[in-house]
Ligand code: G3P
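Here you get one chain, nothing else, as structure tokens; it is the form predicted on its own.
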Amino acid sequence: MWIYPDLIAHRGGGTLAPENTLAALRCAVAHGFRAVEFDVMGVAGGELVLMHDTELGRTVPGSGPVARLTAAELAAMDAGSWLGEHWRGEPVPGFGQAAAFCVAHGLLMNAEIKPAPGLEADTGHRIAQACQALPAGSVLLSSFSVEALQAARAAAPDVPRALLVGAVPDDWRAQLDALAAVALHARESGLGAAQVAAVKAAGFGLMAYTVNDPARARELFASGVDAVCTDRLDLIADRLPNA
């Protein structure tokens, strides 16, 4: 069953702030959101940072694998100016920093486990262990990686998990049961009324991503979807009855 807010800010601030930064989380708060999604990756030294891409070059300048750097090295890099000069100098935050901010501001964290290749189990284990120190009900783990979710379950079975998928697979129920997951997170374009009804009838939560059109969001809510994840915090938050 879904016990979380029904609007979730994608990568913290969607398109309005540099993704996976504290600035993005502040943007979510400013727009009245009570839940954020962000990506968590393991890096050198056993630390965890907020990062989507496994390679430098898009949101952080440079080249090469992110996982070879330490959290301190990444924190000294510019993760903001790719979006605009206003954001220059915004650092890559550690997971602990982001979690502390979210707890202090009452934000649910949908922490997506985003492992570097070959580090799926290790990253899932590390993130789940870190989440054990957080208040109960403050975080929902998710991932496309079944291996990462299995490791998270083994490390911290009480931290809830959701399986991320693109198109809903035929064996979605078996996968959710095997992971003891509480929810399915699916791409909105692949969700039809029959799939929504089946997932809900089976007792699982259902979140749709990434929904940037208020009309589509209303349609999804009307079909039974529990939550939507959006990049357009400015369009969605004040235009939906569920906000």
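What you are looking at is a predicted structure, and each value in this text was computed from that prediction instead of being measured. Residue indices: 1-based, along the sequence shown.
The same protein also has a form predicted together with SN-glycerol-3-phosphate, omitted here; what follows describes it.
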Considering Met109, Ala130, Leu164, Leu74, which brings a non-hydrogen atom within 4.5 Å of SN-glycerol-3-phosphate in the model of the complex?
Leu164
Work out which of His52, Arg218, Arg34, Arg26 lies within 4.5 Å of SN-glycerol-3-phosphate in the model of the complex, going by heavy atoms.
His52
Close approach of Phe144 to SN-glycerol-3-phosphate in the model of the complex, 4.5 Å, heavy atom
yes
Look up in the model of the complex whether Arg232 has a non-hydrogen atom within 4.5 angstroms of SN-glycerol-3-phosphate, and give yes or no.
no
is_contact(Val211, SN-glycerol-3-phosphate) in the model of the complex, heavy atom dist at most 4.5 Å
no
Check Met41 for me: does it contact SN-glycerol-3-phosphate in the model of the complex (non-hydrogen atoms, 4.5 angstroms)?
no
Given the stretches 112-120, 98-106, 131-139, 149-157, which is the single one in contact with SN-glycerol-3-phosphate in the model of the complex, using a heavy atom cutoff of 4.5 Å?
112-120
Could you list which residues of 53-78 come within 4.5 Å of SN-glycerol-3-phosphate in the model of the complex, counting heavy atoms only?
none
